[in-house]
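The chain below stands alone and is given as C-alpha cells, in the form predicted on its own.
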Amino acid sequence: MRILIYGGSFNPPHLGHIRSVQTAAAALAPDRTLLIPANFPPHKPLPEGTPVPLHRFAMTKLAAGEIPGCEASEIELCREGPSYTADTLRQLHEMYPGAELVFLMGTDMLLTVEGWYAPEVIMALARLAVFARETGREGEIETQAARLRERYGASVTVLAGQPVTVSSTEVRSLLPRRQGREYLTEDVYGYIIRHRLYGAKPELAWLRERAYVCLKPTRVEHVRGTEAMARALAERWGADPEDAAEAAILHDCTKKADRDGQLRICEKYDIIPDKWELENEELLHAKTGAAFAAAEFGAPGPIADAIRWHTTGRPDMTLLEQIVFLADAIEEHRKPYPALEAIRKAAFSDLDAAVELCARRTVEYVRSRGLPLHPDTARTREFYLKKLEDRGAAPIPWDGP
C-alpha cells in the first residue's frame, strides 16, 4: 500500500494545496492520501488570529473531500508538543506496517529539510515527492535531490505541474477585504464565512447568490432595492457601504417562512416571540432573520442587529440600524404610500427626522386599521421625536396615514 502524506498548517487550506496533492496523486497513484494539519509547526509559529485546531481540521477535511481517496488526519493535532514530521512518520509507520510512505513537500521544504528535527529518520521512513511551487528552480531542486540521495540514501521524486501561486498568508490578507474566494474551495470558503475566521467578510456576489435562494422570487427586487438604498445612505452618512449592503442583502432572509415556519426557526435558535409577534407573523422575520443570518452566514453583531430592528425600529439605533430601517422602507421598488417621498428626502438631509417620520407613519397606519402596534415602534417614534425637540428641530409635517 502506498500512502501519500501532505502536512502543513493549512491555515487555511487553499487551491494551491489541493493542486499539489492532485498532481502528486496523478503521478504516484497512492492507495490513500492523508492531509495532516500541524498542531504546533516547529519551523514557524502560527500567526496571531489563527483559528483553533478544531476549525483548521474541519477546513482541511472539507478540502480533502475535493480529492478522491483523500482524507484529513488528526494525528498531529492529537499529539502534544511541536509537530515534528519525523514523529509523524514513525507513528504512521507503526499504524501501517509495510506501507510505502510518500511525503509531499514544496521546494523550500526540500532545500531546508536537513535542518529539520531528525532528517535521517524522515528520509529513512518516507520517499520524498517534491512539488516546485515556483518555476525556474528546477536546477536547485535537482542539486539538492542528488545531495540527499548521496548523503542519506534518500528516495526523491520531482513532480512536474503548474502550481497555483498563492500562499495561505495572501489568502488571509484578502479575506477581510471581501476577496480571496477564488483561491478556496466552495466548502472551505463557506466555512470561513460562517465562522468569520481570519476577520473574513463575504464577497457580496457570493452572498447574494445564497441569500436570494432563501427568498420568494417576487421579493428579490425589493432586496436589491434595499441594498442599493442602504449603500447610498451609508455613503451619505459615513457608514461602511459594504456592511450596509451585507445587512440589506440578508434583511429578509427568513421572510418566506409562514407562521409555522417562523416558529420552527424560533425554536431552533431559542427565540422567544413576544405577544405582538405571535399576533402578526410579519414582525417575526426580523428576529428570525437576524438569528439565521448570524448562524448560516456568520453575520456579526452590528449587521445582525440591523436585521433585527429593520421592521419595528428601536430607540437610539446605531447608524447602521437606522440606515437599514430606512432603506427597507424607502427603496425604489416600494409601492407608493403618502409619506414615502417625504421620508426619502429626509433620509439624505436629516436622518433623525426621517426615522421619526417613518416610525410615525407606521404608528398611524397601524392604528388607523385597528391592528396591534408593537411597542418598539411607538418607543422609536417617541425617542426620535424627543431627539429632534432637544436639537430644536421640528418634525416633518405630514397629514397621512
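A residue's number is simply how far along the shown sequence it sits, counting from 1. Small disclaimer: the values here were computed from a predicted structure and weren't measured.
Keep in mind the form predicted in complex with ligand ATP is missing from the figure; the text below concerns it.
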Query raised in the report: Residues in which of 79 to 87, 315 to 323, 229 to 237, 108 to 116 have heavy atoms within 4.5 Å of ligand ATP in the predicted bound form?
Result: 108 to 116
Query raised in the report: Can any non-hydrogen atom of S20 be found within 4.5 angstroms of ligand ATP in the predicted bound form?
Result: yes
Query raised in the report: Is Q91 a contact residue for ligand ATP in the predicted bound form, using a 4.5 Å heavy atom cut-off?
Result: no
Requested in this report: Determine whether any heavy atom of T169 comes within 4.5 Å of a heavy atom of ligand ATP in the predicted bound form, and answer yes or no.
Outcome: yes
Query raised in the report: Heavy atom to heavy atom, is R381 within 4.5 Å of ligand ATP in the predicted bound form?
Result: no
Requested in this report: May I ask you to choose, among F297, F131, Y189, W309, the residue with a heavy atom within 4.5 Å of ligand ATP in the predicted bound form?
Outcome: F131
Query raised in the report: What residues, if any, in 1 to 33 have a non-hydrogen atom within 4.5 angstroms of ligand ATP in the predicted bound form?
Result: Y6, G7, G8, S9, F10, H14, G16, H17, S20
